[in-house]
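Listed next as structure tokens: two forms of one protein chain, kept apart as structure 1 and structure 2.
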Structure 1
Amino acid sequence: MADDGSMLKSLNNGLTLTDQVVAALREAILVGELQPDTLYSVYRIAEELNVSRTPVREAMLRLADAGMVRFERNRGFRVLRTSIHEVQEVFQLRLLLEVPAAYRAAYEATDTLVKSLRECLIHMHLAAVDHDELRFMNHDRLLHELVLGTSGNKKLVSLVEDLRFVTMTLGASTVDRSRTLHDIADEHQPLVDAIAQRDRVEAAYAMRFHIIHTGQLLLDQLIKEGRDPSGLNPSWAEFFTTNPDVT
């Protein structure tokens, strides 16, 4: 919690104080400043951020709603540790949502879209060179957002956004990454190429491969870290894959 309250309030552009606290808390969780399984209290957080308890409590309620924290009555609240099973759920859902979206995007991709996707890739590599993880993640997110956004379905976009955030907290916790940022960027290349060539099937396949690969690496890493592997389903990726073409 490096921020102090005065800074929070100074850049007060339309956003409510609660919104800013939400952002601060998400960031704090992301960088590991708020650790899972530890009891915190609204009092202490409010004091640290130099704001009153109300906006902190409201922010916590939002995060609790999103499943990131849990209140314990008269005791405090905990940052929830995302279970391996949850991670599997997230990637299963992303498969269900993003693979068809990629298929659709390839079908009706405009030149503008392709250009934007290519720019994303470039920015990802540039960020990789600078080891600027934040910028990298932002462009990774943007790329997926562009693909999903082609559907015109805003709920779809925000939904996947939320799903991505759940797993973001996990990846950041590990310094010893299983692959470099360049590797991750490269993995998006086939997807962008397929969309550029309007090859629907290939785009869907590329997206599918990408999500499964990313998910599996994350799962492997979590298991290696000694996380409880109960409820693990080794064939999580095949769970829904045989999605029939019922027209």
Structure 2
Amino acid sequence: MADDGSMLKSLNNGLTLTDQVVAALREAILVGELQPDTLYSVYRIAEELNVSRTPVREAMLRLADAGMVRFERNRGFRVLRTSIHEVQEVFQLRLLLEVPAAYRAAYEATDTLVKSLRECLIHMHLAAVDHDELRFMNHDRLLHELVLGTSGNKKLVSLVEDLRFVTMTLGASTVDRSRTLHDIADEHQPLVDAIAQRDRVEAAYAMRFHIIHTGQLLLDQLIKEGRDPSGLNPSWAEFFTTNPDVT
């Protein structure tokens, strides 16, 4: 990990100290400052972030619960490598959580929510024009958070954020390989339209299609890149294809 204190750039106002540390550690993992299988000290992380060890430990416990790190007794922690089988499980969980959330979002949609979702889409298309993948993904994540947020369940929002992050740490992306940023933005349009029309079933269908399509493209891509496909279930999304009723 770099010694220039760059993780501090991730600390943001408006969050608890533990939330800030979680955000900083996630970014450090994503950009490669924290490498898989390398042993890191909680004490050193605390020193670099200029915080006490308590919020670092609490942040590590949350990351461990999300399957991102593993504690080693009296030694520290290691960032875990994500397997292709885990990626498949992530998308199965996202289907279980986000499809009903889309249904509920359409049921409880307000004009404010619809406006915010449409603004996210506009920003996604603008970022696509500039080919700014980081800015695009930030608005993509916000759009999903807005949909999930209609549940009023903060743990649901946090859990899906963790699931999305697990796939991000692979360093794998379908952008410019299986599809363009514009393609991804277009996949969100039916979801936003359905929510705007308060059409619960269509919103659920749109979310289901988007997650299954994204998951399968990423799995196919990882296999082409040499990931071991053993243990994968070829019909991982079958239930969600043959049983669309989320009412």
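For clarity, a rigid core is taken as the largest C-alpha set superposing within 1.5 Å between two forms. FYI, numbering is relative to structure 1, first residue = 1. Since the structure is predicted, the reported quantities are computational estimates derived from the model, not experimental observations.
- Here the chain coming from the form predicted in complex with the DNA is structure 1, while structure 2 comes from the other form.
- Core-superposed comparison between structures 1 and 2: the C-alpha position of residue 50 differs by no less than 2 Å.
- In the core-superposed comparison between structures 1 and 2, residue 77 has its Cα shifted by at least 2 Å.
- Smaller rigid part rotated by 26 degrees relative to the larger one between structures 1 and 2 (C-alpha superpositions, whole degrees).
- Relative to the superposed core, residue 21 moves its CA by 7.6 Å between structures 1 and 2.
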